[in-house]
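Only one chain is shown below, in structure tokens, and it's the form predicted alone.
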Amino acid sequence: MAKEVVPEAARKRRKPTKAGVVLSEQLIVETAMRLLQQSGREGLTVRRLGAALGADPSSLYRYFRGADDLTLAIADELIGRAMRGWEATGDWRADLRELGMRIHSAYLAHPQAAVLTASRVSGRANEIDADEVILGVLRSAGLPDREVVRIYHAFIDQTLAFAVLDAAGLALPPAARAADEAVWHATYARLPAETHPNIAATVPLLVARMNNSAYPTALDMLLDNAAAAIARARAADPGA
């Protein structure tokens, strides 16, 4: 049976740990993210998290029902960091692009946490607020709600898919990452035109681009599609 999570008001009355730390959900999440950054997923255990906080591991269950509950809180923290300080400009395309880049960047700043959480739906406050904002940006452009949801679905899935793809590369051991990046120079750039004419013709461009994220390009392509949908909606209903 899942253990009962103590309400926030009760948590605030907790005494400091032996290390002089007053536990909070936020502190636990930040410490868990630090452990992920240092040691990867295998390094994030209740025992290690308790040791890093100077607390009995069992005390963490006052804040989280288990490891999965903590994972969802980390996911929500990443979204919260992405949204922090964002302000709408009233230009739907600029606003949506900025939101996408912010989310992508927030995940890449914590690649191990990104790989762990990008596929999850937390249903927590930051995620809900972000979804409300993104849907609002699209609706403000005058799209029918069916088109709003279609584009929102593609936007958020594309953003998180690229976030986890790019984060997985950053999460590799340095030697493995360097070896992967070197393949374009060491292998593709040496393929002869006689056997691989298309690669040979484009290899300078491939070498220049392929170790960088394609997310900005993919995002612009999605925004082009959204702009076309908006144009169609306005043509169908000029008074909208």
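Predicted, not measured: the structure shown is a model, and the values here were computed from it. Start at 1 with the first residue shown and count on from there.
Not on display, but discussed next: the form predicted together with another copy of the chain.
Contact check at 4.5 Å (heavy atoms) against another copy of the chain in the model of the complex: none of A51, S58 and S105 pass. This chain is displayed without another copy of the chain, yet in the model of the complex the stretch 201-209 from 201-209, 25-33, 58-66, 43-51 comes within 4.5 Å of it by heavy atoms. Looking at G136, you'd find a heavy atom of it within 4.5 angstroms of another copy of the chain in the model of the complex. G123 belongs to the set of residues with a heavy atom inside 4.5 Å of another copy of the chain in the model of the complex. Another copy of the chain is not shown here, but in the model of the complex it comes within 4.5 Å of a heavy atom of A168.
Within this chain, A228 is remote from the site of another copy of the chain in the model of the complex, having no heavy atom within 4.5 Å. Annotation for 117-147: interface residues with another copy of the chain in the model of the complex are S119, R120, V121, S122, G123, E127, I128, D129, D131, E132, L135, G136, R139, D145, R146 [heavy atom within 4.5 Å].
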